[in-house]
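Quick heads-up: it's one chain on its own, the form predicted alone, in structure tokens.
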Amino acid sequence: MKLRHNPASPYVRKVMVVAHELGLAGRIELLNTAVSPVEVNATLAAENPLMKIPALVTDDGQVLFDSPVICEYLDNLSGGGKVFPSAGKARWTALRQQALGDGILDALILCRYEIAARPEDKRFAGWTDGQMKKAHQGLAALEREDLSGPRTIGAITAGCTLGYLDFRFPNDGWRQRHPKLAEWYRGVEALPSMQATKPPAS
């Protein structure tokens, strides 16, 4: 398998955490891929017309995107029901938690683009404030979730979300606002799968 990869992407990290948890990381070849909200990557576009990462080329040549689809594919490849509960309330809880974490990440990345990609005199503070409000509301909801127990796709996504917040917004102060989440994350960030997929220091 080949994975379009960038170590700074929290969605790529989610896929790789799942791969490590399932014992599949050694079967994935990482293809370092640059993406931009304003520039075309023709090589990536040939595989994923949305020009987003991650994108996975399976051993039989099928291209899968985005991270929820790839993660579920890997779960099925390992026998199924490991990080994606197979049915019932546990499945819907895990999928809801994944959607919540992904939604927080969507808002944070839009803020990141506004700050990093626009000249300072062209930034729209109202846009950034609105996206951060969504992210903070999402974090408050995540604080109320039960993330204990087996490491489902919901818990994995939550861990990668908090890791991205530390990586790109280190002064956000989310630990002071959400002590229960902070306590949970202390254990999660020490996991081998999380340590192996940490974003670059700079």
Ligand code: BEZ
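Each residue number is its position in the shown sequence, starting from 1. Since this is a predicted model, take the numbers as computed values, not measurements.
One more form of this protein should be noted, the form predicted in complex with benzoic acid (BEZ), which is absent from this view; the next part is about it.
Enquirer: Report the stretch among 21-29, 7-15, 174-182, 189-197 that approaches benzoic acid (BEZ) in the predicted complex to within 4.5 Å, counting heavy atoms only.
Expert: Among the listed stretches, the partner-contacting one is 7-15.
Enquirer: Mind checking whether each of V35, R112 and Y164 has a heavy atom within 4.5 Å of benzoic acid (BEZ) in the predicted complex?
Expert: Yes, the whole candidate spot contacts benzoic acid (BEZ).
Enquirer: Check whether R168 has any heavy atom within 4.5 Å of a heavy atom of benzoic acid (BEZ) in the predicted complex, and answer yes or no.
Expert: Looking in the predicted complex, residue contacts with benzoic acid (BEZ) include R168, since a heavy atom lies within 4.5 Å.
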